[in-house]
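Given next, in structure tokens, is a single chain: the form predicted on its own.
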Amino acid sequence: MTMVSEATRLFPFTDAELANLAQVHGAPAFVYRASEAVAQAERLRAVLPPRARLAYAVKANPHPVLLARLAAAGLSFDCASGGELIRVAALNLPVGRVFYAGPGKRMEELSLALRMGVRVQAEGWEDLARLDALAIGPLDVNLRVHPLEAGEEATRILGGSGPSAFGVDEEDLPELLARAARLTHVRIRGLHCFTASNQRDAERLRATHASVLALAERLHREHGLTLDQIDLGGGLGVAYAEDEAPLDLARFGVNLRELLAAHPWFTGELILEPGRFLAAPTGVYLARVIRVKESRGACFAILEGGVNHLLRPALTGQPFPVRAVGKGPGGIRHTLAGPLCTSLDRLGEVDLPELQAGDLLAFGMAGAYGFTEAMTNFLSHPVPPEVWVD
């Protein structure tokens, strides 16, 4: 893959566009191109089997502009809070296009979900019992299960196969299903499993999805569950560096088709919940260099924004792709520090050309887990604008 195509993949704007956006809107700022998310969704849908449905994970980026564009493209939505449900409710979607997951659902949130006609992903007995009390008639729900065997993560986000706050442990299913059978209104009609995040290996995804379908078949045959949905969760990964290979979409699609063919007993829908995969390529974070400092052999570039705007590097230890706008490649190792009064305020150690005060840096793939994940109010620095160019 050429450097030009890599730059296009990691940054949806040219240097000239970024310089102009910073001139017009100032910096720090998040700038987005929503059409990138729609294009990503179409690329993904093109390889999926007909029975697969995309439900955008709102947590990745809940901005109303992005939600509206994805709704117009026909996507469903995966919500994880009452606030996300309210954002999606503003889209006036038909019943059946919204899911609600999360390990700590409050009664009022469940009530809102039922009023919206949302399909709830029950995390345990408490969700099932509360839904049964709220329902006034038959209510189909999906049950989130934490499998004994799950995909492991390089960086712990969902927890892999270890102890988890999410879902019902697989070994506890017989007891829970026996209790659920005595409920008045709730009927378990779907399975939800999501155990690993940001996976770019199509074969590892296949192994994870194969184990979910095998679990679903056991529930069907051993417990008599009739499943109309199997929700495989999200986890579709994106590359954050030029030397990282993106997910092989063609292989991913073939794998899903083969898995469905191997399970003729299941005639319902497969649900996928891409969030990062759709949103990350839309966004760039812009920040200028305030000063450059040498300290005991290290070169620090101190920026206008840090973990108060981009928290992911501090959480995962991985930087966003970054380039100096208007400058060529460079080989000087810089520690990118933000303006906060803590040594935790770091955006990575990266090779860049020689920097000076006023230089503009662009952080790519910042459309997911950027603005709304960050510590925006910490130290009361200015809140960066979010600019949608299309």
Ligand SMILES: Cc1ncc(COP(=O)(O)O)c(C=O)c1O
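Residue numbers here begin at 1 and follow the sequence given. Fair warning: this is a prediction, and the values are worked out from it, not measured in the lab.
What comes next is about the form predicted together with the ligand, which does not appear here.
- Proximity to the ligand in the model of the complex, taken as a non-hydrogen atom within 4.5 angstroms, holds for one residue of 209, 144, 105, 312, which is 144.
- Proximity to the ligand in the model of the complex, defined as a heavy atom within 4.5 Å, holds among 57, 37, 347, 361 only for 57.
- Taking non-hydrogen atoms only, residue 284 never approaches the ligand to within 4.5 angstroms in the model of the complex.
- Proximity of residue 191 to the ligand in the model of the complex: non-hydrogen atoms within 4.5 Å are absent; the residue sits far from the partner.
- Among heavy atoms of residue 167, none comes within 4.5 Å of the ligand in the model of the complex.
- Although the partner is absent here, residue 131 sits far enough away that none of its heavy atoms falls within 4.5 Å of the ligand in the model of the complex.
- With the partner omitted here, the stretch from 272 to 280, 300 to 308, 217 to 225, 181 to 189 that lies within 4.5 Å of the ligand by heavy atoms in the model of the complex is 272 to 280.
- Along 363 to 377, a non-hydrogen atom within 4.5 Å of the ligand in the model of the complex is carried only by 369.
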